[in-house]
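Listed next as structure tokens is one chain, alone, in the form predicted alone.
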């Protein structure tokens, strides 16, 4: 049987949490160290012929995932670039709260990815006797260690959690407690997990054959604004007009509809005229933005607001952050399907 080498990168999150007070395991928890993780997973992957190592990199001290952002995404991408030639695949242990953001960010930062990068975590820590973390890690190792397990090559960033394998830039956290915490609202899962892992060959991303590299920059000048009924125009204007703001997500109603309030529309006009890139994302978990359907959406299109189509907010946010830092024609690239993150309109039936 073939063997496979997998690097497991530990960033913190629930899977590695330990009690602040060891005498009170149900009390407040903090991110554990590398040794805390290894204590609870001896022998994992050995029966599958997977040779793996756990990396806790100095550039990424273990944290609650609510503390992860662009700096950590760039550090993770740099680790992948540094280690890429030495491993068949990668597993990233990550907290659930921002896992979809990190998976999306890595999908854009990694160019010509030809190996699995699988994010996973847990709803209960490894030290807990009912943890879901051990199985999530086992299944993720099986996908990343495809040479040993015989699974198809999944040459992209994905999330393996509970009974689903989903494309990283299509994923959303849907529950704070369910073991199947992640779903892919606008694209069926890449795979499912029952007694074993099953991957859908029809959804696999084909490697480009070009050399792998990672991008080195992301913008942090993006604001994410949820539009609510009766929103004061002064609030929207303040959020969009800051000098550090380069772009914004507008989480609008339904298919991308926006209030007809002239003052709110004036705030949009001013922001667009000042060069800020505005992207229309629906608040609905499923479906896509269509600003041509209603006048309430057309008003935004007429002011230069871009459609996120059926991208998740997490994908739209990280894609915009990446494009603003690396591309000259952000508006054009934002509309393109670059990593499987959106469904081209012509493909909709």
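Numbering follows the first chain given and starts at 1. Predicted model only: the values in this text are computed from it and were never measured.
Separately, the form predicted in complex with aspartic acid (ASP) exists; it is not shown, and the next lines address it.
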{"property": "Which of 38-46, 279-287, 60-68, 293-301 lines the interface with aspartic acid (ASP) in the predicted complex (heavy atom within 4.5 Å)", "result": "60-68"}
{"property": "Listed residue (88, 97, 111, 224) with a non-hydrogen atom within 4.5 angstroms of aspartic acid (ASP) in the predicted complex", "result": "97"}
{"property": "Any non-hydrogen atom of residue 123 within 4.5 angstroms of aspartic acid (ASP) in the predicted complex", "result": "yes"}
{"property": "In the predicted complex, residue 17 touching aspartic acid (ASP) (heavy atom, 4.5 Å)", "result": "yes"}
